[in-house]
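Here you get one chain, nothing else, as C-alpha cells; it is the form predicted on its own.
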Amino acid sequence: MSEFKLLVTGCKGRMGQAVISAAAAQGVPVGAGIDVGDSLSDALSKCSCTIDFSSHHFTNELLTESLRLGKSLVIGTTGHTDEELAQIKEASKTIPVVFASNFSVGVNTLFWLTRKAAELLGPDFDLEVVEMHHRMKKDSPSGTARTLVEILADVRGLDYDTDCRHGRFGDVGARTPKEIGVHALRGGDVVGDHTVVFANVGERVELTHKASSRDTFAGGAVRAARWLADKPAGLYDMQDVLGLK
C-alpha cells in the first residue's frame, strides 16, 4: 500500500472521534473507521495501521486480523487479562505493535520522573499512587496507575502482585516498608489525574499529571502510528516513540 492510512476502532465513541480529529490535524489520512457490528477484515484491508481505544475484549480479534493481513497496531486499551497480554507479546514477534497505558507526552514524562525520583529518594520514602477518572471508567486501577506502580516496584525490587496494596479498610495494621499503595477515585467527567506520593518523616514529594482533554492521548496515538510506519516487528511503548529510553 503506497499511502499510509489509519483504521480507527470505536470510531463513534469519544476517543475514536478524538483520534480522527488528531489524525486530521497531523495530516494523516483515516482509511476507515469501525464500530460495533462493522467488519474488521474489510476495513483493515484498506489501511496500514490500527489505533484501538475500544475495549480489551476486542484485542484477540484485532490481533488475529492484524497478523493475517500484516498490519501494524497501536493499542491504547487497558484492563487486559494475563492471557490477552501474552497474545499481544506473541503477536509483536511478527508485526510492529505500540502498546502503552497512556499516550500523553506529559504522562510519559511523569513515568520518567517517577523512576528518577524513586532512584534518588531511596527506600526511606513510602510510596503511594492516587488516580481519578470519570464515572464511566470500568477498570481499576487505571492502566497508567498500574504502570506507575510497576515503575516504583522495579526500582525497589518489589513485585506488583505481591507488594501492591489496593486501598485500605478496617484494622489493616501499620504500613509495611515494602508496600506500594494505589487508590482509585471515580466521579464526574475527569479525563485522568495521577499523583505519585513519596512520603518520609518531615517531608513529602508529589508528582502530579492532570489531563483536561482526550486530545492529548489521541494526538500521541497518531504520533505513535506514524512512528511505527517503518519499524520492524516488535513490542514498543511511548517511551520508545518519544526517545525517552
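Being a predicted model, the structure only gives us computed values, none of them experimental. In case it trips you up, residue 1 is the first one in the sequence shown, and so on.
Unshown form predicted in complex with a small molecule; subsequent notes refer to it.
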Based on heavy atom distances of 4.5 Å or less, which listed stretch (123-131, 136-144, 86-94, 164-172) is in contact with the small molecule in the predicted complex? 136-144
Tell me, yes or no, whether residue 36 is in contact with the small molecule in the predicted complex, where a contact means a heavy atom of each within 4.5 Å. yes
Taking the small molecule as it sits in the predicted complex, is residue 23 near enough to touch it, meaning that at least one heavy atom pair lies within 4.5 angstroms? no
Evaluate residue 45 for contact with the small molecule in the predicted complex, applying a 4.5 angstroms cut-off between non-hydrogen atoms, and reply yes or no. no
Would you classify residue 15 as touching the small molecule in the predicted complex, given a 4.5 Å non-hydrogen atom cut-off? yes
